[in-house]
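What follows is a single chain, given as structure tokens, in the form predicted alone.
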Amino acid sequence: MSDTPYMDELSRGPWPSHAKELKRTRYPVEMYEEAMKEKYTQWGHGGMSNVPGLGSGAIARKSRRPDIISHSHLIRVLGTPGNFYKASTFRKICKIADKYGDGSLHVLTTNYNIEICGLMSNEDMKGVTLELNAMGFDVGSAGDAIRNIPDCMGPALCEYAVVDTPRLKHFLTKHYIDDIQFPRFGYKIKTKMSGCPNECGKAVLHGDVGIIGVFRDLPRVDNERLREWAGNGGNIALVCDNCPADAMRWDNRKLVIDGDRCVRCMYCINRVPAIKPGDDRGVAITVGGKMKGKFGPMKGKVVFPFIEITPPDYKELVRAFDRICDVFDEHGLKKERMGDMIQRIGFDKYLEMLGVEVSPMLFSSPRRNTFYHWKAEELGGAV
């Protein structure tokens, strides 16, 4: 009988198998086999292991089974804007993984890094770092630092992009590289970026700081093209009926969008090729999104509804991002996520710390009922 029956089962069939791929590397497959057998991972968190000259260098994984392997480190390669890699460049990264690690790569993590796994010594980590640096790549994104700033592919491949996210990621990574590589906060800051309100980058759900492309004016409607689309079977009436804000009116000749109702949700833009995002473009910033932490999963809250982005220095965005980081640095507790900090001190107090003027666009959650709780004297004593 095989020593790895669980992995053998996962390797069967003609389809791609992660177990089959792991067997082809020097990864200690017994660790995964035991994890499936015991229904509990055999790896433990080991903190960070510094690469010489780099504070936020590598992640250490301790082993619960030293009889199989004592430990294993991994180094994160800071991802390229839009996650575009030349094929020959990727082959070079694979050779580095074969040379210094166990021959496996964790590609495009939840933070859009590439992780070179199975490093056993400081010399291995130093060698990986030097060879990656020679290729023009940085490493880091570990520990209590600003993590790698993932972005969607933006206008490089997407028709809905409102802002140039790859260019913005390139700027932010260079501007904040010290805070990415040298931890200075009480806990990590994960930043996610989406190029439009469709939010493919999961900034609201996963980002301590979310940067989302938005537009302030109304969607642009090409009525001539819209009539042609409707004449070819497009159901514009159904789109109007399903508008979440009931902001659209169609008279068989012209589509009118009510600016007081429209919430720029992208629904009509996604459904109708004749409707495009508006031209007054910028970004919104959310804070506090996460999947884990003291208070569990949280969705990000809007703190800056609209910020103009002006290359090449993006002064308005940098000013807002710096303020968010400074408040977290000053008031966040050790190992406390940003959303948990806001929950602890209160959203109103947090906005005051940021120096943000409160507006109707900033709220913790939608109202659960329509009754506004006036003061008792305003209701004639009735409560």
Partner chain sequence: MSNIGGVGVTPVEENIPPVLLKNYGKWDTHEIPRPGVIKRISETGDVCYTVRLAMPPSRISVATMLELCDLADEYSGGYFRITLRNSFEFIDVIPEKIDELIGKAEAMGFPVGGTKNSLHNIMACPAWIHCNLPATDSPGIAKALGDALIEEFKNHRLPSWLKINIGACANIEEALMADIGIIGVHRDQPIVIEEKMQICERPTVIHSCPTYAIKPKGKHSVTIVAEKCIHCGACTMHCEAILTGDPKLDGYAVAVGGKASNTGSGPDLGRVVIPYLPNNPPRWEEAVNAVVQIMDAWRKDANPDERMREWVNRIGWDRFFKKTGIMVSIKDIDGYIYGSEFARSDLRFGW
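Rigid core: the largest C-alpha set superposing within 1.5 Å between the two forms. Numbering follows the first chain given and starts at 1. These numbers were taken from a predicted model, which means no experiment stands behind them.
This next part talks about the form predicted together with the partner chain, which is not shown.
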>> Going by heavy atom distances of 4.5 angstroms or less, which of 250, 185, 267, 306 would be at the interface with the partner chain in the predicted bound form?
In response: 267
> Would residue 259 sit within 4.5 Å of the partner chain in the predicted bound form, counting heavy atoms only?
Replying inline: no
> Quick one: does residue 312 come within 4.5 Å of the partner chain in the predicted bound form, counting heavy atoms only?
Replying inline: no
> Given that the partner is absent here, does residue 216 sit within 4.5 Å of the partner chain in the predicted bound form, heavy atoms only?
Replying inline: no
> Is residue 159 a contact residue for the partner chain in the predicted bound form, using a 4.5 Å heavy atom cut-off?
Replying inline: yes
> Considering only 151-187, what residues come within 4.5 Å of the partner chain in the predicted bound form, judged by heavy atoms?
Replying inline: 151, 152, 153, 155, 156, 157, 158, 159, 160, 164, 166, 167, 169, 170, 173, 174, 177, 181, 187
> Is residue 38 among the residues whose Cα moves by 2 Å or more between the shown form and the other one after superposition of the rigid core?
Replying inline: yes
